[in-house]
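Below, in structure tokens: the form predicted on its own, a single chain.
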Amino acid sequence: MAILPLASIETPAYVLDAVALARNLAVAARIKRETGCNIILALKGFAQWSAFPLMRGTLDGTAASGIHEALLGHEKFGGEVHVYSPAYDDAEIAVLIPISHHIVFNSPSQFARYYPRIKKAGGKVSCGIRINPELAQAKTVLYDPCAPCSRLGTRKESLFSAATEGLEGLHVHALCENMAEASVRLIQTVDREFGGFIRERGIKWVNFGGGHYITHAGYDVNALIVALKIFTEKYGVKVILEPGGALAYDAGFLVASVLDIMENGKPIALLDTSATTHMPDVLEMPYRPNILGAGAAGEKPFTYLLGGRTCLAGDVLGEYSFDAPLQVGDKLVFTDMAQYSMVKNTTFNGMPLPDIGILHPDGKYERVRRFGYEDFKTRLS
């Protein structure tokens, strides 16, 4: 990473680190090269389209979870557009057919409803069904597609009994920030539980979804490569991965400034950013984001409770310690803020959205987008 030129960054701002992004893409390139799989960008995790030119050379396209993501992938990324939604309506299907390469249905009933229309269009769309392997491995129930009574995906018995003429693929997304042992377990489970279906129904591709934390330092990429090669060779199918967060993992920052310091039982620093609006996963996961140069409460001489400036009482980021007292105007750099931050932020309380910028390899900061009142107003009527 180049040194952040904090003096030139107006806050709040999301800053993509182009060097870190390239590092993550190199992992994806290796997996593609050694397994022959396709890797597409899941836009639900990272959709900063100003960075798409940096990613096109490695990735095969995009994965969309809704119509607007599909349109963005088609217009701004190119390559293949893969779409999955828990349910479609007629208007969406009409838009998706001409721009999509894969459309994945959540249930046999949705497949039966829309496949004839897709077939009649005579285009390039390959249809799949999302399966539920009933293998719960996500650490947080909120993000577990295999939790009890999940609405995401079709269970084995429902799939095997369905009419699937025209079906070409299976999609399984059952991970969330999981390491290699969970990835391998998922692949082996699909092999064991759905292998007969793949052979009997002539399935051409299997998408193992996202949540494979391939860019994490502790992830055993070799184990994933071996498992993917075994599966591919056994069934002769095209294998697809669709990481989103993993490609943007530790590849961006949120730079914020201290606006005020107050006392209420302990020192409290109020920032020009917010957990609930600018870093929602901090409260949803929940987790404590890292700040460059800061420590845990009491680790360094000066400890502060950091809070956002919305009216939500729980808009609090946690306690952090610093080597010197914080001053109004100091800038704090939150790490790993490329994945799931920009795509999930809100304008609650009329909070301005952070700028979006890129830190180039030469250390130059480029602001690529600034948001204002019109962006807030046009979301409403």
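Since we're looking at a predicted model, the values are computed, not measured. In case it trips you up, residue 1 is the first one in the sequence shown, and so on.
Only in words, not in the display: the form predicted in complex with a small molecule, which the text now covers.
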Worksheet item: Can Arg130 be called a contact residue for the small molecule in the predicted bound form at 4.5 Å between heavy atoms?
Response: yes
Worksheet item: Can you check whether Ala42 is within 4.5 Å of the small molecule in the predicted bound form, heavy atom basis?
Response: yes
Discussion item. Check Phe253 for me: does it contact the small molecule in the predicted bound form (non-hydrogen atoms, 4.5 angstroms)?
Written reply: no
Discussion item. Is it the case that Gly210, even though its partner is missing from this view, gets within 4.5 Å of the small molecule in the predicted bound form, heavy atoms only?
Written reply: yes
Response to the item:
The one residue among Gly245, Gly308, Gly169, Gly153 placing a heavy atom within 4.5 Å of the small molecule in the predicted bound form is Gly245
Response to the item:
Note: the small molecule not shown here; in the predicted bound form, the stretch from 288-296, 264-272, 169-177, 72-80 having heavy atoms within 4.5 Å of it is 169-177
